[in-house]
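Next up is one chain by itself, shown in structure tokens, the form predicted on its own.
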């Protein structure tokens, strides 16, 4: 495979870097961490006008018709700038689930609105038991005439406070095979019985508790087949895992730059800190972690774009990037020193986000086990 970006991707990368360097400065990132909404309508609309929200949607649904690999180019730049807001939840978790499971009517109705920046969608999956496996799904949906009634609590639902719709993963049937009996429901976030409570997070992102108190959902709002929703969830989670890797790669690039800036400018004992062998080795290891993460993420994203088998590559990549980017940022902190942990320094932004990103959509151990399963172990 060719790891170079094509001409259109290079233009996308350049445009995104220029836009975010102007519109998403570190001060803005810090302000959005404290802002209840986590994004400004002005920035969101500018992103929509650039076509970012519709990048991977087909043209017939109001999108641009770009590839998954195109999306990865954009996400690397978003990770580099620590872009806040509901892009990931709406476009990847919400939009990709709609693409995989939504009927023609739902696609026509919602994807164009997402592309225009007018509709927010998120995915409610994780619960108090944590984890990303089907046996963890305990929220129930019980049939009631031509509708279903959803009861239970979802945790760590990204950007639910902004969402117009929440895709709820619920159990509709019990059985020995836990993958069977899971159904996806498109829930209007303003439905009676939906209670959304913001959670305080380490990374400053906007996660929420969503309680479904006997929420009635029409049968027509089932996405995909009744009781057959887990394969769709699994596919979306795999794509989301690599998308999160792309963000971590972008953040890792900026962490490297911050470390290099520090060690080439700061002096100790009358010489540049970068002249010390231990610091040089730290920076060499950072580059090694970063480049291997970048190449593995690119390969997995390319295989997804080409529709090739990729479970093995996805599991390897998420496990490796999770560990490598954490190590990378830790080494950057050692090179920068104690000031890197101060709120005024940008490096702590990347430390917190990398720490959180590692557990999203399965931590390193989760994906090592997935890889072992692919190997037949």
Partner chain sequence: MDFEFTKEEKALQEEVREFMKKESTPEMLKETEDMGDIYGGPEGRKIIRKMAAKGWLTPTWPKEYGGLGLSDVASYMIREEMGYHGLPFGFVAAHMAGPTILRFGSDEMKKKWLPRIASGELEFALGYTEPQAGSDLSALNLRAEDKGDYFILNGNKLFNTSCHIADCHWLACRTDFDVAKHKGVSMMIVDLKSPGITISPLITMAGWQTNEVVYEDVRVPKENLVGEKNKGFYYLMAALDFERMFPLGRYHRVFDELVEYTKETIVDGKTLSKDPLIRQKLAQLSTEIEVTRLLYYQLAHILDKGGIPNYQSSMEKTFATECAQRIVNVGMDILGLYGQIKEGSKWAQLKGKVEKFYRTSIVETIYAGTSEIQRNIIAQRGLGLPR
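If you're wondering where the values come from, they're calculated on a predicted model, not measured in any experiment. Positions refer to the first chain, counted from 1.
The next section is about a form of this same protein that is not shown, the form predicted together with its partner chain.
Here the chain stands alone, but in the predicted bound form its contact with its partner chain, taken as any heavy atom within 4.5 Å, falls in 276-284 among 276-284, 77-85, 104-112, 177-185. Proximity of residue 303 to its partner chain in the predicted bound form: non-hydrogen atoms within 4.5 Å are present. Not displayed here, its partner chain is approached by residue 320 to within 4.5 Å at the level of heavy atoms in the predicted bound form. Though the partner is left out of this view, residue 345 does not reach within 4.5 Å of its partner chain in the predicted bound form, counting heavy atoms only. Its partner chain in the predicted bound form comes within 4.5 Å of no heavy atom belonging to residue 25. With respect to its partner chain in the predicted bound form, the three residues 37, 43 and 145 uniformly fall beyond 4.5 angstroms at the level of their nearest heavy atom.
Among the residues 30, 352, 326, 312, the one placing a heavy atom within 4.5 Å of its partner chain in the predicted bound form is 312. With the partner omitted from this view, the residue of 330, 316, 64, 50 that lies near its partner chain in the predicted bound form is 316 [heavy atom within 4.5 Å]. For the partner-free chain shown, 260, 263, 264, 272, 274 of 259-274 come within 4.5 angstroms of its partner chain in the predicted bound form, judged by any non-hydrogen atom.
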